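First, one chain by itself: the form predicted on its own, in structure tokens.
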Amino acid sequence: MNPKFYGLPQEKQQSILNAGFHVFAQNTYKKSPMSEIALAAGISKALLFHYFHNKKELYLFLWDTCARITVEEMTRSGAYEQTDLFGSMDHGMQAKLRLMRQYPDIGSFAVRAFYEKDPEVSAEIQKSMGQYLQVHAAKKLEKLDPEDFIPGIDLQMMYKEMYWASEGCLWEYIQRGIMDIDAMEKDFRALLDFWKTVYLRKGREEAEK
């Protein structure tokens, strides 16, 4: 909890968050100066240090905020309540796209943070991400009915493959330097349709007709 930051008006909070997401999304942790974040937020560097004692504190705060608001938006969307895997993924996609419209660089920041190698922050990021994936993957997997999928499928490996492909899709957009949310939604829907024909028993049967 950061009482100084949360004491700010909501608009100013969002401005600082967006500035942090933007600057850290453009470069590595080491090469992202606090002065650039302050400039993007429209505040002085001294004031930014008033809210966050150092760059590590700000970076991990942004990471925790990213995870928290993502879970909150996913919960509001009903993604975690879906018993159908692809329905859950569709609701989750819509939730994340809504966040990306409010925080344009949050997706790029999350991916870059996940692959960040700086020892000052990487261990804490990986620990946090590992816990998140373990909890939410387990919840999704326990709701799956093996009878819905092609015989003999490894559901855990299937889920990992879809997660990796989703992250790879986002990483490709980051490399292009243009986060076209509408295009991302179109590509992800195409992936969902493809996975249904590959993994679902009904989808495979219909494709073979």
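The numbering used is simple: start at 1 and walk along the sequence shown. Basically, rigid core = biggest C-alpha set you can superpose within 1.5 Å across the two forms. Predicted model, so just to flag it, every value in this text is computed and none were measured.
Beyond what is shown, the protein has a form predicted together with another copy of the chain; the following relates to that form.
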| property | result |
| --- | --- |
| Contact label in the predicted complex: Ile153 to another copy of the chain, heavy atom within 4.5 Å | yes |
| Partner contact for Val111 in the predicted complex: another copy of the chain, 4.5 angstroms, heavy atom | yes |
| 4.5 Å heavy atom contact, Glu36 and another copy of the chain in the predicted complex | yes |
| Another copy of the chain contact in the predicted complex: Thr65, any heavy atom under 4.5 Å | no |
| Stretch in contact in the predicted complex with another copy of the chain, which is absent here, among 140-148, 24-32, 39-47, 57-65 (heavy atoms within 4.5 Å) | 24-32 |
| Another copy of the chain in the predicted complex: contacted by all of Lys160, Asp187 and Leu191, heavy atom 4.5 Å | yes |
| Exceeds or equals 2 Å, Cα of Lys12 between this form and the one not shown, core fit | no |
| Large Cα shift (2 Å or above) at Tyr29 between this form and the one not shown, core-fitted | no |
| Rigid core superposed: Phe86 CA moves 2 Å or more between this form and the one not shown | yes |
